[in-house]
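Take a look at this single chain, the form predicted on its own, given in structure tokens.
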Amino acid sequence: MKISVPTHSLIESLRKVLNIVNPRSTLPVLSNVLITATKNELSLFTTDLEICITTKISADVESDGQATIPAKKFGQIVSTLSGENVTIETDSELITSISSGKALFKIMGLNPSEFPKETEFQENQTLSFNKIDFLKILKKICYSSSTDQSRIILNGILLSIREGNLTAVATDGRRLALVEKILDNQDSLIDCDVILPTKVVNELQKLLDGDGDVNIKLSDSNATFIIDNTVLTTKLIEGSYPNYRQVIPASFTNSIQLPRENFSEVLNRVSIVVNESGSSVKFSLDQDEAILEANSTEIGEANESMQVAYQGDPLSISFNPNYLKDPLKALDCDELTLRFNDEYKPVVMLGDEGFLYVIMPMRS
């Protein structure tokens, strides 16, 4: 195999595929990237056996072929090259030469036949989204997924399709983020639930940039995302997602509106004095005024007030400050709505269209 490819194109392509590689894999070939040269195209493929990703770029192919190259070293080498193009040539001894300008590297690889094949499956249905719209959905909920390995079913996000509507959900048991969206012109969709692993959600957020659509293929156990010249396929988390609807309160006794940016700024300032886990920020309401307070034994205390439209009884609710900050970073709305009953029951935050966030107060 011998090819020449623009350096900047190779760098960008490697960035898309290298994060999938598990450097601690017990199967040595999985620490490599499989490169395949055919016609006028170079493809790069990596997998950890749960997720696989392929991306393709145009190349000047002198001779077809395949090679595997240690992924981390390949990325490091290419990122340092200053030449306009990179020439890659593999010999019969599985040694790959990488040259650009006056730089030359010779890297030993493994037999391409040892590399696992790409996952293939027969999809039950397909759907598509504008890339920016799908990215916003993921960002508005992904922070709420669990990292507790004993609750694998919550280590990802749920995509639930019902009667032409999509509901995307993430929860860790202490908070829940949800986005609902009507799926236009997709009447043929079958009702289904799929749970995407967090690792896949993180990778998708890196790939979903620019104009265009993402095409999604779903089966009972796999999902494929086609984004421009990149294809990402993942195994789904098996099992039934908890009934998330039952944690959303049916009614509320109070509701207030807050300017999102101002509230975020005040919250960030006040929570500076909080640095230990388990600490909280107190949110107090009384006659058109909201006061945010925080304190810690190591640093001190802080408080700041805001004018709000509130005519209910005085009330104080304590929250984990990070649980309040996370959704504020992802929303675009000018105003937030908080709905609540008392200092112990779940509080609901509303903002962008279709967005809902449930957070459990902390006991003071």
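Note that residue numbering begins at 1 and tracks the sequence as displayed. Source: prediction; values computed, not measured.
Below, we turn to the form predicted in complex with a further copy of the same chain, even though it does not appear here.
Asks: For the chain seen here without its partner, which of 294 to 302, 25 to 33, 47 to 55, 333 to 341 has a heavy atom within 4.5 Å of a further copy of the same chain in the predicted bound form?
Replies: It is 294 to 302 that comes within 4.5 Å of the partner.
Asks: When a further copy of the same chain is placed as it is in the predicted bound form, are I77, L81 and A103 each within 4.5 Å of it, taking any non-hydrogen atom of the residue?
Replies: Spot residues vs a further copy of the same chain: full contact, yes.
Asks: Would T253 sit within 4.5 Å of a further copy of the same chain in the predicted bound form, counting heavy atoms only?
Replies: Residue-level check for T253: no, no contact with a further copy of the same chain.
Asks: Closest heavy atom of Q307 to a further copy of the same chain in the predicted bound form, within 4.5 Å or not?
Replies: The answer is yes: Q307 has a heavy atom within 4.5 Å of a further copy of the same chain.
Asks: Is K131 one of the residues lying within 4.5 Å of a further copy of the same chain in the predicted bound form, judged by heavy atom distances?
Replies: Contact with a further copy of the same chain, no.
Asks: Although the partner isn't part of this model, could you tell me whether L183 comes within 4.5 Å of a further copy of the same chain in the predicted bound form, counting any heavy atom of the residue?
Replies: Taking the distances in the predicted bound form, the answer for L183 is no, it never comes within 4.5 Å of a further copy of the same chain.
Asks: Using heavy atoms only and a 4.5 Å cut-off, determine which of N275, Q287, S188, N111 is in contact with a further copy of the same chain in the predicted bound form.
Replies: Spelling it out, the residue with a heavy atom inside the cut-off is N275.
Asks: Looking at I161, L135, V201, I107, which has any heavy atom no more than 4.5 Å from a further copy of the same chain in the predicted bound form?
Replies: Partner contact (heavy atom, 4.5 Å) among the options: I107.
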